[in-house]
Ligand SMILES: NC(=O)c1ccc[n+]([C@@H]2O[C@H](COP(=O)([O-])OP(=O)(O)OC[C@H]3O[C@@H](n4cnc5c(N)ncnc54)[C@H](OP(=O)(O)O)[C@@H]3O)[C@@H](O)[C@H]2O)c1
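First, one chain by itself: the form predicted alone, in structure tokens.
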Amino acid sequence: MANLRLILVIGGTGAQGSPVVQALSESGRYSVRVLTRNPNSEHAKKLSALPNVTLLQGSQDSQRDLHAAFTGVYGAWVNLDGFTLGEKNELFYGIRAYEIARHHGVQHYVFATIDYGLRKAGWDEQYHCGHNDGKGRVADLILGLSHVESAAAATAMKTSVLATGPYMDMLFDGMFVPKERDDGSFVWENPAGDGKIPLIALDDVGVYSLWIFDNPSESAGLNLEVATDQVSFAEIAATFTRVTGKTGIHKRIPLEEYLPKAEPYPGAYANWTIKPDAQARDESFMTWRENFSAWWRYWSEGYGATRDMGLLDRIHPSRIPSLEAWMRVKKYDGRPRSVIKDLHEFRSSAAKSG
């Protein structure tokens, strides 16, 4: 383990971070330090059982814990939990994590982000989604710094960005799960438009992250936008029908009709997993409805369908090639399964309190 390069992973127990930890561990080239609030959680224990993986108890929003986490590591993969932090705090801690990594001499810094939707949609405020834009601002800033410094100092910290989109696995868990009707058909009833959405299979996130660390000469300064397939909801329903033989239907409904049905609880904020009375909020905190109105507009109108699929094929030749292939591999049948960590923890907490 002493001969392996040590990578810090922040967000490693989450749906996206777990395959990253696994890929780094299985490569045999890296050891992994996972920062986690609860080393005794089910997710943390599974990771600690992997070869060359250790846990460090600490929080993403503690500067003291961040200093401890970044000490002595070669590289870092950082995915902050914006649904816990909120948009404003994600901006602060996103920048502070980068600055602290610089202080400790980290050599390769990978920031996990989502599309900076407000910028990519031409600064139209109806696309301002705190969940997207909080990460997007940080990604733009640190990539800008890396481009400025690369010309001046060959020894400057290498910085890369991994930009995901909605998870393909949300077809199992979250807002993409269809409803089964009595006649055996499955209906996706949501406000999605006709644009293509870049869906990423969680299984492949680890492979792309490993490639970034393995190929710094190519990945430094790169914003690698990943996806498994770029499809509309009409195509999702048609693919489901083709794979399962069951009728799949996309029914587009207005946001005003959709939001009350989907809201986790009345008056929820975007960082909805925090209990309503547990955190002081100011105007920087978007409501759940504000956040996801913009979220649905951005993704379903096709603004995120900018992935270079040829580049992704070159980086990961054995990747899952399409939504249809993913459905077949996963034996997808339209019925829900637990995937998303925040939802799992929220449901468990709600069950205990009830």
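This structure is a prediction, so every number in the text was calculated from the model and none was measured. In case it trips you up, residue 1 is the first one in the sequence shown, and so on.
From this point on, the text means the form predicted together with this ligand, which you will not see here.
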{"item": "N79: touches this ligand in the predicted bound form, heavy atom cutoff 4.5 angstroms", "value": "yes"}
{"item": "Residue contact check: S300 to this ligand in the predicted bound form, 4.5 Å heavy atom", "value": "no"}
{"item": "Contact label in the predicted bound form: N38 to this ligand, heavy atom within 4.5 Å", "value": "yes"}
{"item": "4.5 angstroms heavy atom contact with this ligand in the predicted bound form for S25", "value": "no"}
{"item": "Partner-facing stretch of 181 to 189, 227 to 235, 258 to 266, 83 to 91, counted where any non-hydrogen atom is within 4.5 angstroms of this ligand in the predicted bound form", "value": "83 to 91"}
{"item": "Site check V243, G248 and W326: each within 4.5 Å of this ligand in the predicted bound form by heavy atom", "value": "no"}
{"item": "Stretch 5 to 33: residues contacting this ligand in the predicted bound form, 4.5 Å heavy atom cut-off", "value": "G11, G12, T13, G14, A15, Q16, G17"}
